[in-house]
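Next comes just one chain, in structure tokens: the form predicted on its own.
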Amino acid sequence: MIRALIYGLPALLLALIIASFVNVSLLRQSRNNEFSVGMLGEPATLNPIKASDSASSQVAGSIFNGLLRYDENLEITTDLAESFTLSQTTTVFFSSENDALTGLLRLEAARPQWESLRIQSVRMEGPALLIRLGEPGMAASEKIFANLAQTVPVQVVRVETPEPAGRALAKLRAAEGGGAVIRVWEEGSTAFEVSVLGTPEKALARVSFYLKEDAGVKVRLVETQGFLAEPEVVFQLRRGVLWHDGEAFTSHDVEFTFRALMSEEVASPRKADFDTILRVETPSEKTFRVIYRKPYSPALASWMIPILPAHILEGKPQEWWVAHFDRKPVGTGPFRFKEWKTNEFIRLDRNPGFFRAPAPWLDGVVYRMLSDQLALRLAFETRQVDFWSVDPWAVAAFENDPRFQLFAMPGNSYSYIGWNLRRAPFDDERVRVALAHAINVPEMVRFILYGHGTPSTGIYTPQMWFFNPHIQPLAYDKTLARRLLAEAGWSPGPDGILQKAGKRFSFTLLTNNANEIRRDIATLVQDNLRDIGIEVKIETYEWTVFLRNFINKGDFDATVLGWALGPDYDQFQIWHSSQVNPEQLNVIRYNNPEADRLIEELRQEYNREKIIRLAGRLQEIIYREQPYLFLYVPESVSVVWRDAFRIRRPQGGVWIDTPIEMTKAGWSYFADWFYRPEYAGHLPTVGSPATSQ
């Protein structure tokens, strides 16, 4: 037995070393000219309009395209669209045709001002003027409207009905004879909005009168408008784009994607981005027109949403989507779906028909699902994955190692503790502010992030141009925290835990088990709150279970999570009170009328200075109320094996070759043009004419 141990253990260790070497070698051989990415969370779906987690969006981003995208400087540019134009029709209504004619003559007399107001044309249609503007927005329309007289206001009336909305709407149209209702927008199967001319009282009375006999119908005034302002975006679609199965991409695919986004059956978390659309049109296979009910300044960014193939999905029930598409998608992107082994990997192959051919250079991309950060680091160090979003504690180990290349940039994300505002005691602002003072965020930054981050002051991050720099983070102050809790009625109980009306201050803090940093946050929160008499129980779950069973249902006390943000000020989906339903993103159920108003104003504002003012005020309100305990903004640091990849891409009509380079959009922006140096002989010669799109 002893002899077996003496000789057997070294032999076993040698066998394991050889097996590991062979395993890594086989991984390298099978990878070939591939890029391998390690992921902690498995995607919930590869259907991009259903995705609400970063893992799903990351993989889908290689498979699908939107009409538009961000360039390397985070400026909006084209993708599936070849070009686009913006305009707006502003319609002003008058008491009579004579008054409308007077208004037309007044505008004609002011023709020298048309260029500054971006007026392209004005025409009269009955007792209304239709003013065509060269750019959307409210400012020019308000100036025009202020110089007109005898106008009739527009009332937007919302109707909620237990019967199908189309049926109730048809009944309303038939009863009122098509006179006062000038515009209709159906929100879903049980709600619609009608725009009605006249005073608020008359508009409400008219709609209520025609529907008053229907039980359960709710009628309310939404908004009073001086005029209708209807922006329009016209996309000319790129020719020669094919889906991965060889079918041609057309405007019908874009229209179908819009219908799917708005479908109650699909229940897309991105629906709110498109709620301001009045209608879409497809004048030709390569033209797609969008008309909005009102100015919506994030409109262009919303059309970065990946487009779905109508020829595959149209007419199929959601059960079919789940079984045949959501895990086996077909897109137009640089890589095609190949295989998904649950809890192991997702493999994508090069799309030889990609419209920006000859990109991509890589033969494929592999996304490997790993159990935790340690497994991810080991996979990176053994070259089973090619890059790693480095944990803060590991940055120092790579900084001075010549084998690696580090890419660091200010983070565009923040971590937070979300309080369920529908549960006591988190429905009390005094309690939430007290908790913010009781948790040592600077200590988190120092010991969890190793200094690679800054305390968060709300819904935006410091590098955003609309960030409010005047908000100071709440101080770590246990004395103040105790005082605020006492003011809210909480006092120490027999066991030292705070209590109120006989109920102990005890709650459960949830997070996902694969994220070591979030587990560390939860532990630190538990320790901090124990010091002031609050009991915190920590529970962790696998990511998809965590989302499906708790977060999406709103079934939690508190949760440690984070947001990865785009370069956009629109926070409608996260903070607007209408976004609190299951599967939507306002999971904590935040509701503040002033915040709603600011969010809505931001969505209609195109002026940069006004956006800064509105966004700053919104950030201030939400930070003051602490619906999240805003923790920190981490620095984003990624590490890649030095010289494992280079970039050969078109610039100035010729091919250039560079190492991987950092851009405002990140180091992986040119991933379509990544290649392994050992495959350089298959690429166009540097300096030769570049013919890619």
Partner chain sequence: MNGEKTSSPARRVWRRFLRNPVALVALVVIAFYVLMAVSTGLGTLLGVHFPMDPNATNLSDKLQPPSLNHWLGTDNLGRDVLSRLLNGSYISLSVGFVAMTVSLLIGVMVGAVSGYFGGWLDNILMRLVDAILCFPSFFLILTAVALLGPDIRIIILVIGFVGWTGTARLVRAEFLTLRETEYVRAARALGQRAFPIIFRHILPNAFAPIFVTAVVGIPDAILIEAGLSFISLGVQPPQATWGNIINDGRTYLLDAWWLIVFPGVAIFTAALAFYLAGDALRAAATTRQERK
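Numbering follows the first chain given and starts at 1. Since the model is a prediction, treat every value here as computed from it, not as a measurement.
One more form of this protein, predicted in complex with the partner chain, exists but is not displayed; see below.
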Report task. Although the partner chain is absent from this view, report whether F256 comes within 4.5 Å of it in the predicted bound form, heavy atoms only. Result -> no
**Report entry** E535, heavy atom within 4.5 angstroms of the partner chain in the predicted bound form
**Finding:** no
Requested in this report: Answer for T540 alone: is it within 4.5 Å of the partner chain in the predicted bound form, judged on heavy atom distances?
Outcome: yes
Requested in this report: Evaluate T151 for contact with the partner chain in the predicted bound form, applying a 4.5 angstroms cut-off between non-hydrogen atoms, and reply yes or no.
Outcome: no
**Report entry** Stretch in contact in the predicted bound form with the partner chain, which is absent here, among 278-286, 512-520, 80-88, 241-249 (heavy atoms within 4.5 Å)
**Finding:** 512-520
Query raised in the report: Honest question, do L300, W465 and E609 all end up within 4.5 Å of the partner chain in the predicted bound form by heavy atom distance?
Result: no
Query raised in the report: If you check D531, E381, E487, E186 against the partner chain in the predicted bound form, which one has a heavy atom within 4.5 Å?
Result: E381
Requested in this report: Work out which of L197, L74, A394, M124 lies within 4.5 Å of the partner chain in the predicted bound form, going by heavy atoms.
Outcome: A394
Query raised in the report: Going through 429-451 from first to last, which residues have a non-hydrogen atom within 4.5 Å of the partner chain in the predicted bound form?
Result: E443, F447, I448, Y450
Report summary line: Output row for the L509-W388 CA distance, |change| of 3 angstroms or more in the predicted bound form, reads farther
